[in-house]
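For reference, the chain that follows is the form predicted on its own, supplied as structure tokens.
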Amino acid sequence: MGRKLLLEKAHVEGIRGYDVYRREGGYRSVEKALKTMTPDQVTEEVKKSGLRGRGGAGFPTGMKWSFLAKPEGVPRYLVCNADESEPGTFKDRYLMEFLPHLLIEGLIVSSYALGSKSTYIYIRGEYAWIPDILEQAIEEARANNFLGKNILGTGFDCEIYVHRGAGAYICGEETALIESLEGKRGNPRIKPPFPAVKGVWDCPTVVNNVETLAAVVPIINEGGEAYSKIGVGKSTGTKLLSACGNINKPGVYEIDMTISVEEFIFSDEYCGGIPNGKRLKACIPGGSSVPILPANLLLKTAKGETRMMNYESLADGGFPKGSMMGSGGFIVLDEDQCVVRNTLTLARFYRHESCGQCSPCREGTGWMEKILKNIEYGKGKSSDIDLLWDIQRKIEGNTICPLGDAAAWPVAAAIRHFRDEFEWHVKNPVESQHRNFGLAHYADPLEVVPA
């Protein structure tokens, strides 16, 4: 069984409260960082750890911190991105709901490293009950001198504020989040300037997501080098995964990224296999915006190697034959699922959530939804499949923020790997209304061409 760094104490009774959290070793990293380390030393430990952003992009966290501009006399800000809106992803919610003090602890240490005296948690509107849990944890931390003025007598001041969003997926993009935090419409900004130079109120800002900031706690407690030895290659430490779809045991799992995709889906320790003896058809391994993979490309890479649950292995083969770890939203589809219908559902979501600022995304997401709707409901034409491919190609890379890419990639991967299913819908408009295409050949072993 893999090592747990974040969820180890999740099921301790009363862990949501300060007293139990403290008794179980909580806030040790704050004492260590503030009393024995300089801010630069904290950043250096995070760099040594190899921690990558857990929100989807996977950018090295320590490197991101080191980009923060430090002009004299100008405040700096840390913003926690708790706007977890990616369909299929719910691990940050789990952390905030059951281990709120772990996030607060990570925020204090990170704020110290970055010189942020006012730190914000931007939380999505739909998480209506969680801000109260966070506010209580913040009050308990303040009452015990871990927040406020002169924390632990070290001279460091820090306050944490919870800011509720209004339920917009676009505000998960860091510059749209910053705009919303400032009280404006959540439209992404053109970069440069990057938030590290001009972020909240035009001041240097770092935006990290919940899991990333929580991971700072074990890194400081155990040391960056020890953390870097967990996992494999550049996929260091542990990763939280939100597993859902056609599996026996949906939930949040913490893995050390050394297990295979097959073990994660089928072992009793994790997802427990697929219900009712059905077969695996496909999987979206990193949240709804990453490319879907058929079973034969999910369990093995195009080279015939075992596909592992880490950043490098999931991306092996690039977009033509691989996918991404993304935000860790692991969505499993069994043999009875319809890829066309699932792709339509995602297209509808991205059309609805587009901020409308860029015309390729504003217009293109609507067109993709309409065409997919026609194909799904028996009104499609053969030319529609190529038209869909053309539209997604013209959206990708042509928008201010990655929402355009997030809308295009699921459509591109669905056509790339499941084109015959789309063609079947077009050729069998009546039959397709009564039954699904089925498993077909998507689980057949791939023919590996020697290099």
Ligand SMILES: Cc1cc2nc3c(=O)[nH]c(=O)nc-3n(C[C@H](O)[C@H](O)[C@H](O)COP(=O)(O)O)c2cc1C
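Note that residue numbering follows the sequence shown and begins at 1. Computed from a prediction, not measured in an experiment: that's the story for all the values here.
Another form exists, predicted in complex with the ligand; not displayed. Remarks below refer to it.
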Query raised in the report: Considering 85, 374, 337, 313, which brings a non-hydrogen atom within 4.5 Å of the ligand in the predicted bound form?
Result: 85
Report task. Select from the listed residues 42, 30, 403, 388 the one whose heavy atoms reach within 4.5 Å of the ligand in the predicted bound form. Result -> 403
Query raised in the report: Using heavy atoms and a 4.5 Å limit, would one call residue 416 a contact residue for the ligand in the predicted bound form?
Result: no
Query raised in the report: Hey, in the predicted bound form, is residue 105 touching the ligand, heavy atoms inside 4.5 Å?
Result: no
Query raised in the report: Taking the shortest heavy atom distance, is residue 369 within 4.5 Å of the ligand in the predicted bound form?
Result: no
Report task. Answer with yes or no whether residue 270 is in contact with the ligand in the predicted bound form, where contact means some heavy atom within 4.5 Å. Result -> no
Query raised in the report: With the partner removed from view, which of 295-303, 70-78, 164-172, 314-322 is the stretch that lies within 4.5 Å of the ligand in the predicted bound form, judged by heavy atom distances?
Result: 164-172
Query raised in the report: Hey, which residues along 195-232 are within 4.5 angstroms of the ligand in the predicted bound form, non-hydrogen atoms only?
Result: 207, 208, 209, 212
